[in-house]
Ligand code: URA
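Have a look below at one chain only, the form predicted on its own, in structure tokens format.
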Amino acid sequence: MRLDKYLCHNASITRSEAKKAIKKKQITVNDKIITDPSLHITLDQEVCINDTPLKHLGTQYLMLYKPSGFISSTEDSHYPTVIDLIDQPARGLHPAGRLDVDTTGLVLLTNDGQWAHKVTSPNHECKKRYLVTLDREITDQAIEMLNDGIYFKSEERKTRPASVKVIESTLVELTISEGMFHQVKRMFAATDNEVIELHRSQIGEITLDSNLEPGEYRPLTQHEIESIH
């Protein structure tokens, strides 16, 4: 890992702050002052900032129960973010995929970019399951449309086929394998229906922990981490 990136992850500072500290010769690696922010750092090296050793936080993987009113981003000028809910060193953490501000449920947070890519890239077909409360009863025709894929004019293509499970006439479980902009809401709008509430319950094989309350989080288990591949 690059030295400046290592400092971001483990010293709770921004990339620009890390580069300034390096330029000011405040950073040592194995007791040697380093001025190159691109220097590769390994776990057996001791990195100090102003003579204070940094504890390596390592790669982090968290599941968060996102409440309504929070945005799935690292910063925003209008809404609090999911990062604001994390009360441990979170520098470098970012959400693997997004939920709308009024959507609740499972958000995965990590500082592992390659792992996050596997969650979000359509090529990996990582399925996402949602509980959808609708304004009106879902029709058989709407189910057929969703199963077949909905054509989005702005993208000039159809969504991938979805899986629909009707729980009640206005409550359905929808599973999709991509994450286009406002996809679930747009899919149901195309069937002349409106999403009233939207909750994500599962990503891949990772299910939102029933012990978590809105705003709470926990580390992923090793099995959950390895289930994303």
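None of these values were measured; they are calculated from a predicted model. For every residue, the number given is its place in the sequence shown, counted from 1.
This next part talks about the form predicted in complex with this ligand, which is not shown.
The shortest heavy atom separation between Lys165 and this ligand in the predicted bound form exceeds 4.5 Å. By the criterion of a heavy atom within 4.5 Å, Trp115 is excluded from the residues contacting this ligand in the predicted bound form. Put simply, Ile41 is far from this ligand in the predicted bound form: not one heavy atom of it is within 4.5 Å.
In the predicted bound form, Leu99 approaches this ligand with a heavy atom inside 4.5 Å.
Using a 4.5 angstroms heavy atom cutoff to this ligand in the predicted bound form, all of Thr103, Tyr130 and Lys185 count as contacting.
This chain is displayed alone, yet in the predicted bound form one of Leu62, Val172, Leu198, Val47 has a heavy atom within 4.5 Å of this ligand; that residue is Leu198.
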